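Shown below, as C-alpha cells, is a lone chain in the form predicted on its own; questions about how it binds or moves come after it.
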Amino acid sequence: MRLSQILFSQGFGSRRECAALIGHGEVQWAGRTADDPDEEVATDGLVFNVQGRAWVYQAHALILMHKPAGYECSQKPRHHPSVMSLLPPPLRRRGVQPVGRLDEDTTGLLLFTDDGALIHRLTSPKHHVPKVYEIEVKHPLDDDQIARLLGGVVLDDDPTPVRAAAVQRRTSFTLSLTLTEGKYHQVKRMLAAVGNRVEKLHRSTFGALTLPPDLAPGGWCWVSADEARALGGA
C-alpha cells in the first residue's frame, strides 16, 4: 500500500494532508524519514511515527479505554464532555465508535472500534457477551436481593424478567454482577427492583477483556490481535 494511503486509512487527514506530512519530513518508518508519498510499504507488522509519536498499522481500530466519570458515550453530548474528546484526532477521524454505552457517572472498561460487524456482534443480545460490573450500593445487601438478581426481576418497561448471569457479594455494600445483555440503565434498574440503590458503578470486564490495572482513568490502549480474536474480532 502507498505510504500516503496508509496514513489516510489510519486517520491522519485527507490524502493531500497525508502527502504533506510525508513531504515535510514528519513521517518515519523502518528507522528513516520517509520522503515519497507513493512509496509502497507492507502493512504487516508496520510501526510508523508521525510527528514523533509511534503508531501501529491497524486494518480495523480496536481500543480499550478506562472511562472516567463525567463523560458521555455520545458523539453529541448534552451535559458532559464526550468520551471521544479523550481520543487523539487520528482515531476520531477514522470513525471509531463506543461499543455500547456507559452512563456519564459510570467508570471502567469501554471499547471503541471502526469495525461495524464487531460492534454488532458484541452488542447483540443473541451472542450473550458477558460484562462484569463492580457495584457499591446504598443499603446492606441480603440473601433475598442476591437470589432475586439471579432469579430475575421485571423492569418497568418490559414484562420479561432479566437475570444476572452471576452475582458475587463482596461486602455488605459491594458486589460483582455479570450481565450478558445490555438494556438501558440495566444495572441501576435491577438493583432498584430489589429495593436497593447503586451509589457507584464500574465495569471491570467485557467478554475476554479485563481492564488493565495500570491504565489510568482517561487512558487508552490498543487491543492486541490475540485479545481481539478472543473477543470475537478478526
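So that there is no doubt, residue numbering starts at 1 and follows the sequence shown. Just so we're clear, the structure is a prediction, and the values are computed from it rather than from any experiment.
From this point on, the text means the form predicted in complex with uracil, which you will not see here.
For uracil in the predicted bound form, the listed stretch (187-195, 47-55, 24-32, 162-170) containing residues with heavy atoms inside 4.5 Å is 187-195. Shown alone here, Y133 lies within 4.5 Å of uracil in the predicted bound form, counting heavy atoms only. Looking at T113, you'd find every heavy atom of it more than 4.5 angstroms from uracil in the predicted bound form.
With a 4.5 Å cutoff on heavy atoms, L102 counts as touching uracil in the predicted bound form. Taking the partner from elsewhere, Q145 is found to have every heavy atom lying beyond 4.5 Å of uracil in the predicted bound form. Note on contacts: among L64, A61, L201, L175, the single residue with a heavy atom within 4.5 Å of uracil in the predicted bound form is L201.
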